[in-house]
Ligand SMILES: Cc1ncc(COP(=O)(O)O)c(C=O)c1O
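The chain that follows stands alone, in the form predicted on its own, written as structure tokens.
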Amino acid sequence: MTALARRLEATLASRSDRQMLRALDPNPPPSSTLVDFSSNDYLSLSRSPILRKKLLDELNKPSTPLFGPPSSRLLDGNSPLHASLEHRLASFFCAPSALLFNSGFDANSGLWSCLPAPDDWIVFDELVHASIHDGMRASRVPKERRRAFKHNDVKALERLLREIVEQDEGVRDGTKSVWVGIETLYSMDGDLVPLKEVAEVVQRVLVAGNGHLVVDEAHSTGLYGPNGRGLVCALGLANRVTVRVHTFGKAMAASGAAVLASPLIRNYLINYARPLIYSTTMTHLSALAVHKSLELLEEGGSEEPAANVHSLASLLISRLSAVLPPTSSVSLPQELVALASSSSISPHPLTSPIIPLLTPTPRPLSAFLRQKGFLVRPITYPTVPKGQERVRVCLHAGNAREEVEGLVRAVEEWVKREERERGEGRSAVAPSPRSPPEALQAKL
């Protein structure tokens, strides 16, 4: 065995010993009889007969391009189909321009790696996606000028920004920029950013107008705002956000992403965003799928499914809150419970389709729920910090209320069984207090 093979084997064995090893099923089943509480198909558009018909009708037209283009966008991949999709996206999302990327990961890593200058600052929520972390690390901004703030803590953000202003004369006089990275809906915690408050802090502290808010709307697209335009549009903040990222692989049931920004930033990314420059462009089939998903949103096709998702979220949280005792090894984040029961008036729903079941035993719980007919996934370190392991429940418009009730009964059964075993001294893992968050290494 070579030195390389020994090193790789040892590293994977270590990860396996710590129950952190990832793997792909070499023979995945063509379909599942399990109730899907796992995928990001929030609006259930992947199973929509309306969307399917829209795409097939377009594909059956003799003039519709099916394959390719086998080229970078900057060479021979800049087709009329791609250009028209960008114009359509910009119009729908109330943005001055749009630029397509092959994935949300490419979009985030590409823009964060090239937009900030070496003497700029990057400030980011501690729970932002791995793609943002990769982009920041690849940027020219040194590590000491990349600073995280506590998740969704607006006061912590303000303290950090004021510290930077006091420390750096270039920030005070507006010759250096501060880039602030956040998500609108966080994929592991299922909580929404206090976006209006964040925007107000950035504007209030960085009075020279050199604070640039970069917002990832990957998980909020289709679920919030008029016709699913996202949280930024729901709050009327499009003119206070420098860059937005919308992805198509979740609620829109397609693939790819778009960066929404000024024409100047778009031109800069065309010249410096390496994932765009050095990748074969999005295929015609992918672009067509996005066109048709967007058409469905334009026609109001997301309104009823999104409302159903939020109704199911309220149901699940209220039912779990009623059956989970305070001593339970399974718990809900208190922030989600408070928001779901809030009577506050808001321009958008306060619930989300992502409900984490916090537990020190995510793998056994997910296996038990699978036996009961429900597909959910265990989420462990390094995807989430140590001590914050969970089973992640994702709700979909196509889920029935009876399926949600069934999931609640199964969780209740698990909790009662664990309590009984703990009372008999047979429980392998007892509930433990949540440890403080650590820096995330990767996220969905």
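Just so it is clear, the model here is predicted, and its values are computed rather than measured. All residue numbers are counted from 1 along the displayed sequence.
The same protein also has a form predicted together with this ligand, omitted here; what follows describes it.
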{"item": "Listed residue (N210, S79, T361, S103) with a non-hydrogen atom within 4.5 angstroms of this ligand in the predicted bound form", "value": "S103"}
{"item": "Residue among L357, A218, V180, L276 with a heavy atom within 4.5 Å of this ligand in the predicted bound form", "value": "A218"}
{"item": "Non-hydrogen atom contact S131 with this ligand in the predicted bound form at 4.5 angstroms", "value": "yes"}
{"item": "Touches this ligand in the predicted bound form: S302 (any heavy atom, 4.5 Å)", "value": "no"}
{"item": "Non-hydrogen atom contact K250 with this ligand in the predicted bound form at 4.5 angstroms", "value": "yes"}
{"item": "Contact flag, G256 vs this ligand in the predicted bound form, heavy atom cut 4.5 Å", "value": "yes"}
{"item": "Proximity to this ligand in the predicted bound form (heavy atom, within 4.5 Å), stretch among 137 to 145, 292 to 300, 312 to 320, 104 to 112", "value": "104 to 112"}
